[in-house]
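One chain comes next, on its own, written out as structure tokens in the form predicted alone.
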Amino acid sequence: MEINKDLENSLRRLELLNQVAKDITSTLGLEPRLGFVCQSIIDIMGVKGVSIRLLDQKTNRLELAFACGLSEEYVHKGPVEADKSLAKALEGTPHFVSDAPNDPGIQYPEEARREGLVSVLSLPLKGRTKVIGTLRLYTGEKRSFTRDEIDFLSALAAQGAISLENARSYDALEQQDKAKSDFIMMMTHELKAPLMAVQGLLDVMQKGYVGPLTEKQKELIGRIYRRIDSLTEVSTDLLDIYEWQTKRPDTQSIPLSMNVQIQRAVDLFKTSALEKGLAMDVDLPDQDLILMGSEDEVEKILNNLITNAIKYTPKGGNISLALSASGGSVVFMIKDTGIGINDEDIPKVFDDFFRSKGAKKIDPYGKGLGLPFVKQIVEGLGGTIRVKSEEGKGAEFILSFPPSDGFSTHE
């Protein structure tokens, strides 16, 4: 029985080491990794508590990162300086204290006594280039640790330190990315009011309320209008992207009829297409094809693709939309007879801010945000998007959504 118990314990240790090794390359944040390591050590080693403290280079203090099995009063007892036992751990050497309440190297002996702590094992968390903190195990009775146990904990601390470094870098990048997005969105939002004010003033001038305009003045006002429209479009695109990215984790997916969504989009844009002299036709199947998603997401996909088709198709052209079930997938296709895309540019159309030469001629002020955003949404719904095109002969966008991501068909 004892051999079986030892084997089971060894297996659990190996599993923990393996899991921490996997976490090194994962995108988990700091908090989940710390909680997993702390609780696993308590379960495997049978200790009273575990704490992980990370070194603050500026203050030379060890700041609490995570603790389990210990009271709030104890873990927040006060600043932890690099005292004797911790100093040894920070030098890279495990340090064991058999009787913490009576050891002169313990910074808070009275607090340890009240907490019921007796033996303490401190291990260094060695990162790639330096020790970044300490891992501490606390027992409620006098206990020694075997060489095998210390070797296991040292290996765990070494792997855990690299995992924690990665987690901190990941968290820092996320914070930087969020700060950047928040700043862009704030500036974009703040621009909308002055742009509308400028448009209002131009409108007053264009209607002659401040006197007649020369042809040159009318031309300049028209150019200003176009620039403002471009800025407004970019602002709207940026706000849409930001809203989608922030709300996506909480978005509730519901069954949506793609037939209904497509017909609704066609009805919305048919007048714009007719005003430009374009024909628009739609081919929908008899059966209802269902997509699990949100109306807002599907609307953004369809609106972007149809708007682009109208914008880049010359007068007299045609735009066709089709929905079908093919090979177990739900497939949506939108095809136009517009300017098309050359072979060299096709791989780049979903890159942020990319615009082909043909697109720039028609809309010099666009920013190339629409198609990358569509791709993000499509992939967020578990689908794929690709384009087939020939320069001067139009473009065809094909969206495919596999049934494994929530699609089904109803007769």
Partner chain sequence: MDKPKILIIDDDPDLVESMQITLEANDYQVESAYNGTEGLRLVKEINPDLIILDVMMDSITEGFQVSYQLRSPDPQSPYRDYANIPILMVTGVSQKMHMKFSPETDEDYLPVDELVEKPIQLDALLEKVGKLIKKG
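Only a predicted model underlies this, so the values are computations on that prediction, with no experimental measurement involved. C-alpha atoms forming the largest set that superposes within 1.5 Å between two forms make up the rigid core. Numbering follows the first chain given and starts at 1.
What comes next is about the form predicted together with the partner chain, which does not appear here.
Here is the short version: of 179, 254, 274, 197, the single residue with a heavy atom within 4.5 Å of the partner chain in the predicted bound form is 197. The partner chain in the predicted bound form is approached by residue 243, whose closest heavy atom lies within 4.5 angstroms of it. The partner chain is not drawn, but in the predicted bound form it has no heavy atom within 4.5 Å of residue 183. When contacts are judged by a 4.5 Å heavy atom cut-off, residue 284 does not count as touching the partner chain in the predicted bound form. A residue is said to contact a partner when one of its heavy atoms sits within 4.5 Å of a partner heavy atom; residue 193 meets this definition for the partner chain in the predicted bound form. When contacts are defined as a non-hydrogen atom within 4.5 Å, none of 322, 333 and 335 contacts the partner chain in the predicted bound form. Residues placing heavy atoms within 4.5 Å of the partner chain in the predicted bound form fall in a single listed stretch, namely 209-217, out of 94-102, 209-217, 286-294, 313-321.
With the core superposed, residue 211 shows a C-alpha displacement of at least 2 Å between this form and the one not shown. Residue 269 shows a C-alpha shift below 2 Å between this form and the one not shown [criterion: core-superposed Cα displacement of 2 Å].
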